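Just one chain is shown here, as structure tokens, and it is the form predicted on its own.
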Amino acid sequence: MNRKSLKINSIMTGTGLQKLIAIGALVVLYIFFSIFGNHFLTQDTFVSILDSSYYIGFLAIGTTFVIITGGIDLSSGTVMVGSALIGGVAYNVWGCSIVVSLLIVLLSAILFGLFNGILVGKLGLPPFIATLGTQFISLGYCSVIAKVQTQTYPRLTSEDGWFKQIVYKNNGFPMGMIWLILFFLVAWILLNKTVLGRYTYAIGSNEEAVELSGIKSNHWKILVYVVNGFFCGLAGIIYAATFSSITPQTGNGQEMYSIAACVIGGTSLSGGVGSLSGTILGVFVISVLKTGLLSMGLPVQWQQVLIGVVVLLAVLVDVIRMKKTRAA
């Protein structure tokens, strides 16, 4: 077996190990909160864990594509909420139907994704700077469109409330999980069975080699950010169905949960390594942690502290794995 094969095997073994760690963390957290949490082992709590995973899950799926290329997206949270805000304006102010309004949510997020892709792929801006700028642009621009007014979506009992039953919850059944599974499968096929997926991994592993082989990596980077924008739009639709009222100048910080889910699931911030199954594991680790801390009566701030600790540990594992890979 040659040196290159050893490195690949080392990476795959490390990724599998990090998935096992994520599964172990999920089990340990569930047992811990079952013992020390208040009414944690109930159906309502389980449904709450699922509910809190939908929009983070969609954000994290899109973020996985970006991080595998070696990039980052700091704007996904504000794009998600901002797109939902524009959709609310379409419904409440422009008089659009709920279907058209939801399509506007999706289209708005895709356009922001395209904008990020052009900044990174075409203009060559560092992803951190480009998406940080888009974070502020989406935060401000969407608020301007909404005239800094909170936008509301129809409630479940209203005439157009049927959309909540389709995308969020129907008589207590978690419809959001059905959509998350469906689009997870779509994303998995894109990442593992298409040219886009192959080039996504290749760019993150060695972009220079990709360019030397005659492939224009910048074009594929743009497409990756468009895919990410699409999943931000799906997250925006679920977000609107979950919370109904969308407040301007919010959403920043939500992207950190999606990045955390990717890292916890084994996606390397160095690029070239990652999987969607690991990302979904990371999403549920975060959801269980958030819900469990609330069941213990701890303030929300402790969620951020402990999730930060978990992310640091996951990154540390990734750094150690990459060092061993380079030394192989």
Partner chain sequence: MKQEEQNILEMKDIDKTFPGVHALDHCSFSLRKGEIHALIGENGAGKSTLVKIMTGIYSEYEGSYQFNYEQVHFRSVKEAQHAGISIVHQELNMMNDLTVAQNIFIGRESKGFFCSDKKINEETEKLIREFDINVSPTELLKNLSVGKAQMVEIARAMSFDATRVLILDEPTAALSETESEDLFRKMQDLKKRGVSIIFISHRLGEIMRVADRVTVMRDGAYIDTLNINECKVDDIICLMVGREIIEEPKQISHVPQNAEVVLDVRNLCSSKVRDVSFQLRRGEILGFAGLVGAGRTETMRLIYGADPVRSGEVFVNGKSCTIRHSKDAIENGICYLSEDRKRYGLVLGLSVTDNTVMASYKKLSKTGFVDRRGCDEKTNFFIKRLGIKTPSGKQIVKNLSGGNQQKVVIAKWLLKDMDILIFDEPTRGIDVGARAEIYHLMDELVAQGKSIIMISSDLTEVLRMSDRIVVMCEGRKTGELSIEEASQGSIMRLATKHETRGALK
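This is a predicted model, so every value here is computed, not measured. Positions refer to the first chain, counted from 1.
There is also a form predicted in complex with its partner chain; it is not shown, and the following applies to it.
Chemist: So which of Ile166, Leu185, Ala209, Ile129 gets a non-hydrogen atom within 4.5 Å of its partner chain in the model of the complex?
Modeler: Going through each option in turn, the one that passes is Ala209.
Chemist: Could you tell me which one of Leu139, Ala90, Val226, Ala202 places a heavy atom within 4.5 Å of its partner chain in the model of the complex?
Modeler: Filtering the options by heavy-atom distance leaves Ala202.
Chemist: Tell me whether Lys290, Gly297 and Val311, taken together, all sit within 4.5 Å of its partner chain in the model of the complex, counting heavy atoms only.
Modeler: Result no, not one residue of the spot touches its partner chain.
Chemist: Look up in the model of the complex whether Lys193 has a non-hydrogen atom within 4.5 angstroms of its partner chain, and give yes or no.
Modeler: Yes, contact at 4.5 Å.
Chemist: Could you confirm whether Val144 comes within 4.5 Å of its partner chain in the model of the complex, counting heavy atoms only?
Modeler: Residue-level check for Val144: no, no contact with its partner chain.
Chemist: Answer with yes or no whether Gly271 is in contact with its partner chain in the model of the complex, where contact means some heavy atom within 4.5 Å.
Modeler: Output for Gly271 is yes: heavy atoms within 4.5 Å of its partner chain.
Chemist: Would you check, heavy atoms only and a 4.5 Å threshold, whether Arg198 touches its partner chain in the model of the complex?
Modeler: So Arg198 counts as contacting its partner chain.
Chemist: Counting only non-hydrogen atoms, which stretch in 144 to 152, 105 to 113, 234 to 242, 211 to 219 is within 4.5 Å of its partner chain in the model of the complex?
Modeler: In short, 211 to 219.
Chemist: Can you name the residues of 59 to 94 that have a heavy atom within 4.5 Å of its partner chain in the model of the complex?
Modeler: Result: empty, none.
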